[in-house]
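Next up: just one chain, as C-alpha cells, the form predicted on its own.
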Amino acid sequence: MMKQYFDDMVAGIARKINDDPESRSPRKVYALEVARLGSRLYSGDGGVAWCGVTAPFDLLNAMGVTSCFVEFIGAMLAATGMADAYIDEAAHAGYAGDTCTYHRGVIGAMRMGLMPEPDFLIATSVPCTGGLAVMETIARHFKKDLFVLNVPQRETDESVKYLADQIRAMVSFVEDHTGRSLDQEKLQQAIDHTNEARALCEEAYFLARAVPSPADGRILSNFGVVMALLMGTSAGVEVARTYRDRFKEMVDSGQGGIADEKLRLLWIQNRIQFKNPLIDILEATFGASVVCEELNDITWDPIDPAAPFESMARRAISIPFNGDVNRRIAHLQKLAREYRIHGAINPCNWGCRQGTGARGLIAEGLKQIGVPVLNLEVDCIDSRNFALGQMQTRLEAFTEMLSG
C-alpha cells in the first residue's frame, strides 16, 4: 500500500515537471526526493535502517544504507488519511491513549504489516524517550539488533568525544550488519554534499527573513527536520539549491510568498500532518504568513573532514530540543527577532511531553520579547481530534489581537 503510494507520488511529480518545466518549484523538488526515499524504504531491496531523529543520516547514506526516522511514517500515514486505523490498532493492543500518535501510528502500522522490515535499527536519546521506546518495540517485533546513540545534553569537549566514540562504534555496527566497510572516498563525498547543502539552506533561511518573506505557510513545512534525511547526497544539494535560488529570485524582485503579507508567524515544533485549512485561513483571511518553523535553522558548523565524527556529534548535540528548556526558548527568541515575528503558533500535540509540557515556559519566554503565543490543543496525526470551528475561532481572535 505505502510502496504504491510513494511510487505513484514519484511518477506524478516527475510527470508534471517533465510536461511543464516551468512548474518546477522548490516544494515539488523536495516532495519528489521525499517520495523517492519512501519508495526505497518500501522497495524490499534490503539495506534499510529505522532510526532516531538525530542519527547521522549523511554517514548512513555514505555507507549505502536507506535510513529514516520512524516519525516520518507517522506523518505520511496522517497525510494520506490512513492513520486512524493504525492508531486504533495500537490502542487495541494496549498502548496508552495519552502517548504520542506519531508513535502509536507507527506501532499500529508495524503490527498490521505496513512497516518494512529493517536490517537493523539506530535509536537516539534525543529528541524524546518516547521515540527511543518505539525503536525498542520495533526491534523486538522484528527481532533485529538495535544500536543506541546516547546524545549528551550539553556540548563540552568531553561530551563531544563521548558521542563521537559512539558514532565510531555505530560505524562498526553497520559494517558488521551490511558486510561493507566505510569507504573513505564515499565518506568524503557525503561530507562535501552535506556542507554544500548546509550552506545553501543557511542562505535560503536568511533570504526567508526578508520583508515580505518569499516563504509562505507551506513551502517550508517540515523542511528542517526532513532535510536531515537527504544530507550527504546530491539530491539534498539540489533541493537546497532550488530553495535558495527561488527565494533569491523573489527577494530580488520584492515578491512575497503571499499576496499581501500583514502578519509574520513562527510555527513551533509540529505541523498538523493531515489535510486542514488553517494555513489557507491565515493567509487568505488575515494576511498572516508562517515564515519560519522552529527547526528551520542551522545550529551546527560545517562537517570537518579531518574530524567528521566529532562534527557530527556537535551537530546532534546542537538540536534545539536537546538539553534544558531555556536553551530551546533562547533559540525561539533568536528566530523571532531574526524573522521579525508578530506572533507564534504552538500546536501542542497530544501525548507529546516535550511539546505540551513546555508550552507555558515557551509562551512566557516569547512574551518577554513581545511575541504572543497561541497554544492549540490538537493531535497532529489523528484528525478525529481536530475541531475546525474551535480552531478557526481561536485563530481569528489571535490574529485580530496581533493586528490591533
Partner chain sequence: MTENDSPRIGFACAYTPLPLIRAAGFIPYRILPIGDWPDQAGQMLHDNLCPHVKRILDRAMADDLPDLAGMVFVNSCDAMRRMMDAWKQIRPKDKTVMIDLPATAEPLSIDFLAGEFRRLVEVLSQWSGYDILADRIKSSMEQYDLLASRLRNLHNMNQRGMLSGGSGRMQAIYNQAATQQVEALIADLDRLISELTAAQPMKEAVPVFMFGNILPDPAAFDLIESCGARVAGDDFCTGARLFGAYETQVAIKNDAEDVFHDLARRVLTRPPCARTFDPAAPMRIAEDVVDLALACNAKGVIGHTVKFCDPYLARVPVVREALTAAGLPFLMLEGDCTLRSMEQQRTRIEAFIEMLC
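Predicted model, so just to flag it, every value in this text is computed and none were measured. Residue numbers count along the first chain shown, from 1.
Beyond the structure shown, there is the form predicted in complex with the partner chain, which is absent from this document and is the topic of what follows.
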{"property": "Candidate stretches 62 to 70, 334 to 342, 350 to 358, 25 to 33 - the one whose heavy atoms come within 4.5 Å of the partner chain in the predicted bound form", "result": "350 to 358"}
{"property": "One residue of Asp252, Asp165, Asp183, Glu175 in contact with the partner chain, assessed in the predicted bound form (non-hydrogen atom, 4.5 angstroms)", "result": "Asp165"}
{"property": "In the predicted bound form, the residue from Ser234, Gln188, Thr285, Asn150 that sits within 4.5 Å of the partner chain by heavy atoms", "result": "Asn150"}
{"property": "Tyr95 within 4.5 Å of the partner chain in the predicted bound form, heavy atoms", "result": "yes"}
{"property": "Close approach of Lys248 to the partner chain in the predicted bound form, 4.5 Å, heavy atom", "result": "no"}
{"property": "The partner chain contact at Ala199 in the predicted bound form, heavy atom, 4.5 Å", "result": "no"}
{"property": "4.5 Å heavy atom contact, Gly217 to the partner chain in the predicted bound form", "result": "no"}
{"property": "Heavy atom contacts to the partner chain in the predicted bound form at 4.5 Å, residues of 104 to 138 in sequence order", "result": "Arg111, Pro127, Cys128, Thr129, Gly130, Leu132, Ala133, Glu136, Thr137"}
